[in-house]
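Given next, in structure tokens, is a single chain: the form predicted on its own.
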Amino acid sequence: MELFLSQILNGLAIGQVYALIALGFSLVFGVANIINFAQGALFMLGAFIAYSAIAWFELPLVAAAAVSVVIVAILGLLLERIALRPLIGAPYIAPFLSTLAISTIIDQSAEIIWSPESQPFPAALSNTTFFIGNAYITLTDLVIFAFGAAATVALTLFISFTWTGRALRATAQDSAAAAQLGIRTEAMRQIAFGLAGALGALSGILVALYFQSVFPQMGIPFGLKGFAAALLGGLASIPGAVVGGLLLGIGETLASAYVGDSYRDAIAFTLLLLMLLVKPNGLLGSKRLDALGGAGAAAGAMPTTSLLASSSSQQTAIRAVYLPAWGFLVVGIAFATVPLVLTSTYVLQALIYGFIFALLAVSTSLVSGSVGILSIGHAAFFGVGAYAVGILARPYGLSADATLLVAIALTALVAVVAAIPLLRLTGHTAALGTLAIGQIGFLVFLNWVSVTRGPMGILNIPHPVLEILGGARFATTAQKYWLVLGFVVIGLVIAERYVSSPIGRVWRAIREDRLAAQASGLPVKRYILLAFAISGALAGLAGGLFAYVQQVVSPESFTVETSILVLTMAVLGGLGNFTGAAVSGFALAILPEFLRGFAEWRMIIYGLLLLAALRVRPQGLLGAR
């Protein structure tokens, strides 16, 4: 009982931090109807600015925290003004990807300024421990909970009793009506981003106090936890964000104490997925997450089933450019001549990865674009294929024919099973369900040590041998180039044949209006499961080829960052446009390699190029289909 009470108290402290991060997500989503994935980067930046104010300028903790909060709040204002406001009226996914690009720029800038290594936070509180009966809580826990609670109360009072707060609430409830009443809704959006930045900075400082360290990669895991907390409570609900954060914190600490620390994240995201299934709006959510349209669309105001469909009216004048199935064969034949004239192993290796990610981007575009279920967890399917090859090829010595076939079939099965709970979800909630599935997949790869070997991964995967070609062995880079190119072209041709067939037309009908498709007698669930099966098969093939090329499979290749990168590829090419997805996937996979001469600046350039592409062609480089 003492351990249980102690974990509850500790969970309330870390849960208060999650609540502050969740409040930032809720504010922005409520007012601007945008999921701001730069929130984690602002959280990290707040911790580092406070660190610098203390370590470099010798400011006291409170003054350093105040400076950090002000600076990050200003950055939040600039983020909305420079990177997001120009995308008003663009397809809904464009601002979402814009926040991802900004997050990449901020994270890489932090590594340049403060180094990629963890830094000890210079302001430590005393190690005093207080006992409540036999349960205990530390002074650090109390300070974190007190400051977090005070910030939450202050925000609640601000929103409830000030004119600006009431204007924010009015904008969240109905942006168009608020504008007619004279409220400057653009200014309200900017204020929401500023407040979210301030909350992110404060939560980053509290986490730095809790763990006594700061590092540039801290924004991603804590940003995901805050996002999960917002979803648990209700993404557009301020009280829900607080409740969700506290529940997530308590659930994590209890799981860590009674199940094991390695499973705490898996339990948290499993609970998130169950919550989405049972109560898609969250515990205290007052608006539907699958209702798109204007900021703060009312419950059920627009029964749109996909993030792509919400912007279809903006895309009708844009003609998509894409290749027929035989066009991929022609392009493949042209690429097959490259090793005959180019002998650089480095360039051929970069092109191989480009082919693999082209196929992976197409597999994501099939679900995200053709069917309209935005996939933010596709790296899990990619990983299943890679691990299937790694496990079967090394210990059992099976040929590539057998391992790739198993990888394709197994990943298709896993994708179908993963899609079953998503059948009840639409719009944002379905996308967030895929995020939970992707994170659960990564944690399985990381913790199922008896099968995946955990963080060590599977090493020394043998070179592929194809029995169908008389036992031909593909050992050199050029040979693997032709092997990968051949399988990728086959996968692209099959995908294009499907999307151009009557099946593809049914998928697009489901994307545009699932209810209408169902009312017309179409077996909607069956077609969605078929889409996930084909998408999973393509992702499994890409993962298997990736394992053979790398000769190593480890969990860090299949994180949520990989899922987001692949989704970026699919969207940038044009959702549902397989030619665009393949071109974008190929280009974005090899671009960092060709920017390697810029050293640590290459990811910043990458992020800036992504922002520029979204600004110029928000509907995709080759147009959505």
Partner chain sequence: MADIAPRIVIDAIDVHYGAVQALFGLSLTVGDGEVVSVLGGNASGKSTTIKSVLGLVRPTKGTITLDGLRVDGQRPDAIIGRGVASVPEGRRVFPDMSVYENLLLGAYPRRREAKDLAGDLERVYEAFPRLKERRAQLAGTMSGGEQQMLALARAWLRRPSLVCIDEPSMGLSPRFVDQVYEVLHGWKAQGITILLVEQNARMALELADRAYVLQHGRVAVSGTARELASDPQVRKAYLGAA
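The shown structure was predicted, so the numbers you read here are calculated from the model rather than taken from an experiment. Positions refer to the first chain, counted from 1.
We do not show the form predicted together with its partner chain, though everything after this point is about it.
Within this chain, residue 75 is remote from the site of its partner chain in the predicted bound form, having no heavy atom within 4.5 Å.
Proximity of residue 399 to its partner chain in the predicted bound form falls outside the 4.5 Å heavy atom cutoff. When its partner chain is considered in the predicted bound form, residue 470 lies well away from it, no heavy atom lying within 4.5 Å.
In the predicted bound form, its partner chain sits beyond 4.5 Å of every heavy atom of residue 337. Interface residue among 490, 423, 170, 331 relative to its partner chain in the predicted bound form, by the heavy atom within 4.5 Å criterion: 170. This chain lacks the partner; the member of 176, 417, 154, 82 within 4.5 angstroms of its partner chain in the predicted bound form by a non-hydrogen atom is 176.
Note on the interface: of 181-189, 268-276, 403-411, 433-441, the segment with non-hydrogen atoms within 4.5 angstroms of its partner chain in the predicted bound form is 181-189.
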